[in-house]
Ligand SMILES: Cc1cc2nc3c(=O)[nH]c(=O)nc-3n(C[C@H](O)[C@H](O)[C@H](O)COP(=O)(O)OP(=O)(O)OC[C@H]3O[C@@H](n4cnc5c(N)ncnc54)[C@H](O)[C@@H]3O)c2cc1C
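The chain that follows stands alone, in the form predicted on its own, written as structure tokens.
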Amino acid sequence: MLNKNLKDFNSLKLEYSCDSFYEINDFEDIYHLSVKIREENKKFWILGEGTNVVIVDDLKGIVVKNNLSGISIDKNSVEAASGENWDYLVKVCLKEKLYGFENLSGIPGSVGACPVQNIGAYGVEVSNFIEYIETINLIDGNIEVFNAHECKFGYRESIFKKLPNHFITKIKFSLSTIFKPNLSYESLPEKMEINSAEELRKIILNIRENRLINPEQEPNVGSFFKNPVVSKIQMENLLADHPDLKFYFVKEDQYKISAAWLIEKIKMKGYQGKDCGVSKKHSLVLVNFSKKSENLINLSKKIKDVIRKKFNIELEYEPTFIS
């Protein structure tokens, strides 16, 4: 489809267009797309559900919408097609009495998008469960498989951020047949007795509903900034000036500072600008009411600038910017 309006394909509801819009429903579609890209030397972007992207301008090339579907289960191993909805996969696994994904309940987006930024919530990251990821390089048409080590997972990071030509087709996960609730995150009721994964999932979903914003009501991409990681010396210097500093130990000489705390400290939580603002519910969520992204991006730059000057910390964006 030519000159497709992308409003319904990104959770910020930005009304940019693309030259061509190509939907992937099976491997034959991937083959034809790969040939088209090579023959026409076209630039392209792969979309899952568009819940973690900021479109900067009209896209001069092909936008690829991933609709691959299918979930297969063998004992504690789960293979899921990349176009499946992530939370649907969580529900399927719980129904089959396979555990581990509970804390990741309610995260918007597709299965194929989850390893790209190594989604995480409430003390759990998806990389903890990944065995391998199958991809097709759309430039040469070759199948390439990455084991968990080769994915180079980190905090909201993976090798796939550097491999935009690789279309993720399916992911194999290894889950547990025994439910052991992970209540290590501070927002979770550590002392509460939780008897089932379904009960923990319900708690997680309630927390998300109370703290986060439904993109259908107020367009957003969830957390707009990563929690910055600093050295022990930096953390101690910050703590000396700000005894209420919110931080978490990562590993030797690395501490994660709460980006939400930083934004609240500069009094930007609930800020309302022109056609955009910072959520009153959660300071990491920037909401958008414009057809374009310019004002939203300017707001995010303002937040970064103020925090850099006040705390000497450089915030990094969590969503992917495409143009």
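Everything quoted here is computed from the prediction, not taken from an experiment. Residues carry their position along the shown sequence, with the first being 1.
Quick note: we don't show the form predicted together with the ligand, though the next part is all about it.
Q: Tell me, yes or no, whether residue 262 is in contact with the ligand in the predicted complex, where a contact means a heavy atom of each within 4.5 Å.
A: It does not: once the ligand is placed as it appears in the predicted complex, residue 262 has no heavy atom within 4.5 Å of it.
Q: Does residue 172 reach the ligand in the predicted complex, with heavy atoms at most 4.5 Å apart?
A: No, residue 172 is distant from the partner.
Q: Is residue 166 close to the ligand in the predicted complex, meaning a heavy atom pair under 4.5 Å apart or at it?
A: Although the ligand is absent here, residue 166 would touch it in the predicted complex, with heavy atoms inside 4.5 Å.
Q: Could you confirm whether residue 228 comes within 4.5 Å of the ligand in the predicted complex, counting heavy atoms only?
A: Because no heavy atom of residue 228 falls inside 4.5 Å of the ligand in the predicted complex, the answer is no.
Q: With the distance limit set at 4.5 angstroms and only heavy atoms considered, check whether 50, 53 and 117 all reach the ligand in the predicted complex.
A: Contact check passed for all of 50, 53 and 117.
Q: Among 140-148, 103-111, 195-203, 69-77, mark the stretch whose residues have heavy atoms within 4.5 Å of the ligand in the predicted complex.
A: In the other structure, the partner sits against 103-111.
Q: Which residues, if any, of 195-225 lie within 4.5 Å of the ligand in the predicted complex when only heavy atoms count?
A: Sequence-ordered list: 208, 212, 213, 215, 220, 221, 222.
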